[in-house]
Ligand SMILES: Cc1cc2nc3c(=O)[nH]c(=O)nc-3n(C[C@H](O)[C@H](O)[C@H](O)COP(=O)(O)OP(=O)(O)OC[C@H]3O[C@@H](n4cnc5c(N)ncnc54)[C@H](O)[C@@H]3O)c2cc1C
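Before any questions on how it binds or moves, here is one chain, the form predicted alone, in structure tokens.
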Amino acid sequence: MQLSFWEKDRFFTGIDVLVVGSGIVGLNAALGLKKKAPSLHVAVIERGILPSGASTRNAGFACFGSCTELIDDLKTNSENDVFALVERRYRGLKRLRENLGDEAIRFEGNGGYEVFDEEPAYAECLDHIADFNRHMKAITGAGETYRRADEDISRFGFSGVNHLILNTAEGQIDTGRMMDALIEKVSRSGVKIINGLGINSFSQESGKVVVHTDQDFSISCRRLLICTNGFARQLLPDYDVEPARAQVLITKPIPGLRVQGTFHYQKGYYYFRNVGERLLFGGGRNMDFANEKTTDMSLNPLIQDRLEHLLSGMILPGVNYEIEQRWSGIMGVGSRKSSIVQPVQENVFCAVRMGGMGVAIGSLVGEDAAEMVIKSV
């Protein structure tokens, strides 16, 4: 593709910071850069027509953390590290709400439930609840973040569910509205967002970073910030971040839907919620980890079958429903849950590996990335 003089002059000349990826992290980084240095020429490029990883494809959970998830994290991480990440989730969600407003993102802080059909997992959670609540009080100020909620099972109409634990700090958002509001705010700040433009590689030339696009032209910039999360290995092959595909389905409206709120099942590998009168259900990558380490957006029949089985047998038993849509998104995970925000080489930086917690921590990670880049300019 050959750029015209006007295109090159207006959109691709004099860029101080080029951000790759227009998801939650990339847009918050761009916004942070303009707040700290309004005179900077900041541009964001995105390979999809919309943010094409997880930001517009996630299930809209606040991602605060279920009991079984915390127990699982404690098996491989220190207590300090686990609850430092929980605090970061809490502060990140608070920042998201401050930046965009609860109305714009349709935030509902109604809490969320963890679903149990096996006694050992439930008993293990009960053993930890008092200690978890002690840690959470130091973070949120709430006296009881987690509590038993078996009395709510019957009103949801579940089958085969023996116990529920309520997480009072969980919430839900409208993912589409969140990203729409964020894109609008970033655009108003003077940042140019260019969709449908991916990059294949980058190089250093005469003190600048040259980005080689998939449209056969190059862009020069003073600083490059890579925020591609689950797609990071395409540009950062040696980094500890790999793609993790997440699959989701949603039903047509179900009159009188009894399931209201957010729910986690089996350490959060499955998750469901109501979207109005629709039921959204996702997850299942633990059934086929090897094949779900991919950036391919297609669906896995094994996982889709499992989702349908749980939907009809456990979540909506005896309910007539139709599945309206199915889709997948790509998360970025690694051997640790902490994000990677660091220099890559001279004038090149990255902010990747959200660990499936982009809604909760993406705002703070973007701000941290902006601070890192500003210090180098």
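None of the values given here were measured: they were computed from a predicted structure. Numbering starts at 1 and follows the sequence shown.
Note that the form predicted together with this ligand isn't included here; everything after this is about it.
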property: Interface stretch in the model of the complex with this ligand - options 100-108, 127-135, 231-239, 140-148, non-hydrogen atom within 4.5 Å; result: 231-239
property: 4.5 Å heavy atom contact, Gly23 to this ligand in the model of the complex; result: yes
property: Any non-hydrogen atom of Leu197 within 4.5 angstroms of this ligand in the model of the complex; result: yes
property: Partner proximity in the model of the complex: Phe349 to this ligand, non-hydrogen atom cutoff 4.5 Å; result: no
property: Heavy atom of Val248 within 4.5 Å of this ligand in the model of the complex; result: yes
property: Contact check for Asn58, Gly355 and Ala360 against this ligand in the model of the complex, heavy atom at 4.5 Å; result: yes
property: Contact residue in the model of the complex, from His41, Lys36, Lys337, Arg47 (heavy atom within 4.5 Å of this ligand); result: Arg47
